[in-house]
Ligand code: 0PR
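Just the one chain here, laid out as structure tokens, in the form predicted alone.
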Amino acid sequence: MQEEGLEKREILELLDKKLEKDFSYDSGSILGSMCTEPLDLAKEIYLKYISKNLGDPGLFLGTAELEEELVLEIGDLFGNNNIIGAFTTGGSEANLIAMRIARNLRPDIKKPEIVVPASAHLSFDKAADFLNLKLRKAKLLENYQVDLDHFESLINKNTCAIVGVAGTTSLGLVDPIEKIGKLIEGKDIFFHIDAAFGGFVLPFLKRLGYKVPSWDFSVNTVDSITADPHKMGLGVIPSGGYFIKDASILQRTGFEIPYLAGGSFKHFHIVGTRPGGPIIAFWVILKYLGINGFKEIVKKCMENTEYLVQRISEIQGVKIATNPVLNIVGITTENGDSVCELEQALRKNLWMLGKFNDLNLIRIVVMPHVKRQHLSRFADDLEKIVKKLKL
């Protein structure tokens, strides 16, 4: 750190040079990310209200009320407009909050366990580590769906929570939430849904006429849901959300901070300081886009997904891992060979993809920044590389 500060112009030039290596969403190269470029209006609003701190909501009463209003709107979208919730740094924090609540609701269990599909997000491994929970993973069937029989066999007297996924990280599949819920009917087990990706896709797919299985609060046994605005919600990064059906759980399991300038309050959060800017920005996004705006975005993403599936089906040597449910496509080899060499070759061509070694597939997430021309270029490159590798 120098003694004297630099001129603004010098700093900006230096910064541009430092960040030259970064990829940008509009380049079309980022095909493996579940995040996207936030809506321009959201960025404008976020910058305007960047100093709002919901870690001390007594100082920002209007922002706190706006968050409550937003939660109710999302509850309506998720099948129950009488929920509580709060916004987080992302799905990982939200899932960690859910598992902490589930553990603390069952103090009678001395060695608590949680049951998740093998396709569950890594955040549940983190939660198990942080919270001293035993993590039991139900295996997947050949079609990548969770094995319900194995899932049920893992539930026992130490189970404090089970998890279903609505939009798996690897393939965007939706677990059979209703069937999973029936496994715990009449049992004191918390049921959490990780819809970090699917939460802001599935409600609009249903309105577009797609066949969407029940996954949200319309399923009686569901207790809480994770959904991320910074994914298909087009919110600023980072922004996640945690939504819970029983409001009394906040009083039973929440943290209390007595020394804040705005006064004492109860909260679920792992973090203390919590930016209000992303929440205000997402409230604006919902008002600006409305149901029809989101439907149009999801429709375009699904049309591009179908285009990519068609292009890949024409390439000998690779195949679609499973028929996409959401705007996520998994690519694997026809002969079962490892995708590692293929992924490395694509990466050398500057295609930024997701790779899942355990499932032997490459993931493409057809986000709003991914355009038809980007997918066409990718398919052309993929075909050339597959021929060169003689897959």
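We number the residues from 1 along the sequence you see. Keep in mind that what you see is a predicted model, and the values were worked out from it rather than measured.
Another form exists, predicted in complex with this ligand; not displayed. Remarks below refer to it.
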Original post:
Are any of the heavy atoms in Met34 no more than 4.5 Å from a heavy atom of this ligand in the predicted bound form?
Top reply: yes
**OP:** May I ask you to check whether Pro278 falls inside a 4.5 Å heavy atom distance of this ligand in the predicted bound form?
**Re:** no
Original post:
So, in the predicted bound form, is Thr221 in contact with this ligand at a 4.5 angstroms heavy atom limit?
Top reply: no
**OP:** Please run the contact check for Ile162 against this ligand in the predicted bound form: heavy atoms, 4.5 angstroms, yes or no?
**Re:** no
Subject >> Stretch from 188-196, 152-160, 254-262, 305-313 whose residues place a heavy atom within 4.5 Å of this ligand in the predicted bound form >> reply: 188-196
**OP:** Select from 77-104 the residues with a non-hydrogen atom within 4.5 Å of this ligand in the predicted bound form and write them out in sequence order.
**Re:** Gly90, Gly91, Ser92, Asn95
